[in-house]
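Here's a solo chain for you in structure tokens, the form predicted on its own.
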């Protein structure tokens, strides 16, 4: 004879699913709020937007830096697939183009990343989680120079700085965000040896009026964010 009484295991499944969904919502809202206000964004506001209690947030992330680390690990996992794409590139220069495009796209898609990466340099400077990826790029740079495709005075750190600058357009919003592919093409053009062909730039430059509108819109958003952060503490 079988019993219809629920077992402890029956009740555990929905609880685990709910816990997972709560954590996922916290991650989504943390990214959105950190993109607006930086890593000092209100944890209480993150919990409110995720529709969970503050206690649930702290169960998942006991400290603010635990939240930052979790966001960082998720971001690195998203970027890990790029290594396989780079390995399949037909030339070292094609690999560099792919690296620059994918990382810029990654940064633009998640405006919270610059804040997260900057904070990680403070709380865990010796983590070395990106070392393997850096070694891949350094190898690309060496091969591209040997092939005569890349300027001899450029190294892997230069590429990292440049792609971070291009990717930071995502933090500005408005008309700036849509410009990243064009700006990246200009950067790549400057990295080529002078004798190589110059491909046509994608997109179009912003008109002066569009640029001013984007800048002024950014200024207003920054003021509102600062005002909101001050009143919410």
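Positions refer to the first chain, counted from 1. Since this is a predicted model, take the numbers as computed values, not measurements.
Quick note: we don't show the form predicted together with the DNA, though the next part is all about it.
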Assert contact residue (the DNA, in the model of the complex, non-hydrogen atom within 4.5 Å, options 70, 32, 43, 188) equals 43
- prompt: Does at least one non-hydrogen atom of residue 51 fall within 4.5 angstroms of the DNA in the model of the complex?
  reply: yes
Query raised in the report: Is residue 56 close enough to touch the DNA in the model of the complex, meaning at least one heavy atom pair within 4.5 Å?
Result: yes
Closest heavy atom of residue 24 to the DNA in the model of the complex, within 4.5 Å or not? no
Contact test in the model of the complex: residue 181 vs the DNA, heavy atoms, 4.5 Å: no
ask   = Can we say 98, 102 and 146 each have a non-hydrogen atom within 4.5 Å of the DNA in the model of the complex?
value = no
